[in-house]
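A single chain comes next, written as structure tokens; it is the form predicted on its own.
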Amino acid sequence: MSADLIAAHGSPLWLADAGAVREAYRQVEAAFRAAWDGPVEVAYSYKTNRTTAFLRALAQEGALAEVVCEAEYLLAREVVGVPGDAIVVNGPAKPPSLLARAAADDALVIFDGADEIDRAAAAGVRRAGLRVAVPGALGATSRFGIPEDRIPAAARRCRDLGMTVEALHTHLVSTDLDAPPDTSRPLAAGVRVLWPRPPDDHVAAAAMLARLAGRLAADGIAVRALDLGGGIPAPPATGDHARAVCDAIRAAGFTGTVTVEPGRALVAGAVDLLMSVVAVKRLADGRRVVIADAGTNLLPGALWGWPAIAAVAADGATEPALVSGPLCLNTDVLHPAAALPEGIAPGDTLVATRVGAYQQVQSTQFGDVRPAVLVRDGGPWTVARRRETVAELLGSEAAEVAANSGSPRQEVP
């Protein structure tokens, strides 16, 4: 089957399973509904994977849309058709055009900093949330959110400007730095991916939000929802996690809506990348190198954590192999020691599994044209995006190239 798909659509090739996303959503929602007596909202984090079939499937299942830029907002509203009041606008940078759209559609806007409050009110935003700052996964100060002790003042400012403070929000980041960035080393040297975050981290954050909601209630500001952000584990581990978090909220006296914003938990296991072996060789130290036609241009997450890579036809004994991509970079390594068949050869197919979170959206144009994307939703594979052409690679340059083909080079005055 994999060989047939590659023959028809080229290699590399993304395989995106919307049915798996639906099932993950249902399990996450069921876990929190079982753990919480009140209303539950599940908002999908668009930044994790923007495959349109995923977005449509999740909207059909009842998911809200959590977006962090204007492009994602337009995807939600104009492509998927998500109602404005079912969109959560997040992120550290909200340009005036995004605030105006959110205001017109009555979307919920989560303020990352107190300076956003007046700008949002001027744009007409009525539904407000406040993101509460929490330490990063490794203890360093996070650059997101408003310090906890400044939340009451921020909430009062929202109220005074005519906005309703609907939600207190926090997000326990999964990709973090082991120390604050400085000039002594490059940023990548300190990057760590820590997902899922331990339940105790979410329990502490949830209890903190519930306590803050109580403080605001005493000041006459009734918060409708506690938004716990993302970083929750994928099913089946979601159940225990949800119970621990909801118990902490309940113990702190909050009785409103619990909102979560999963990304990885819904899509990480729903995407595989097929790739073809182009060459096999031995290094001077004896290591075997298997060179594929996909590299860190398509799987940038390999820079932070090794993906699982296997041969589609894995018969016989295996031998560790360094799997590298096609880029002329010594850092283009997908795995240092994947267990691949001893007889693997050019033309054989490899698969990187469970690469649905952040890989496609962070992939780059470096290297060859972009691969096709096939999608299924309980049926056969269909083309969601065909393989890119060179004209599409050029983009807006294509017309200029065509106009000047065979003509003398025109100097720009």
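Keep in mind that this is a model prediction, so the values were computed, not measured. Residue numbers run from 1 along the displayed sequence.
Note that the form predicted together with a small molecule isn't included here; everything after this is about it.
Peer 1: Tell me, which of 363, 51, 349, 48 has a heavy atom within 4.5 angstroms of the small molecule in the predicted bound form?
Peer 2: Of 363, 51, 349, 48, the residue with a heavy atom within 4.5 Å of the small molecule in the predicted bound form is 48.
Peer 1: Of 238, 276, 174, 296, which one comes within 4.5 Å of the small molecule in the predicted bound form, counting heavy atoms only?
Peer 2: Partner contact (heavy atom, 4.5 Å) among the options: 174.
Peer 1: Has each of 230, 263 and 358 got a heavy atom lying within 4.5 angstroms of the small molecule in the predicted bound form?
Peer 2: Yes, each of 230, 263 and 358 comes within 4.5 Å of the small molecule in the predicted bound form.
Peer 1: Is there a heavy atom of residue 259 no more than 4.5 Å from a heavy atom of the small molecule in the predicted bound form?
Peer 2: Answer no; every heavy atom of residue 259 is more than 4.5 Å from the small molecule in the predicted bound form.
Peer 1: According to a 4.5 angstroms non-hydrogen atom cut-off, is residue 94 in contact with the small molecule in the predicted bound form?
Peer 2: Residue-level check for residue 94: no, no contact with the small molecule.
Peer 1: Among the candidate stretches 324-332, 301-309, 76-84, 164-172, which one is within 4.5 Å of the small molecule in the predicted bound form when only heavy atoms are counted?
Peer 2: Checking each option against the 4.5 Å cut-off leaves 164-172.
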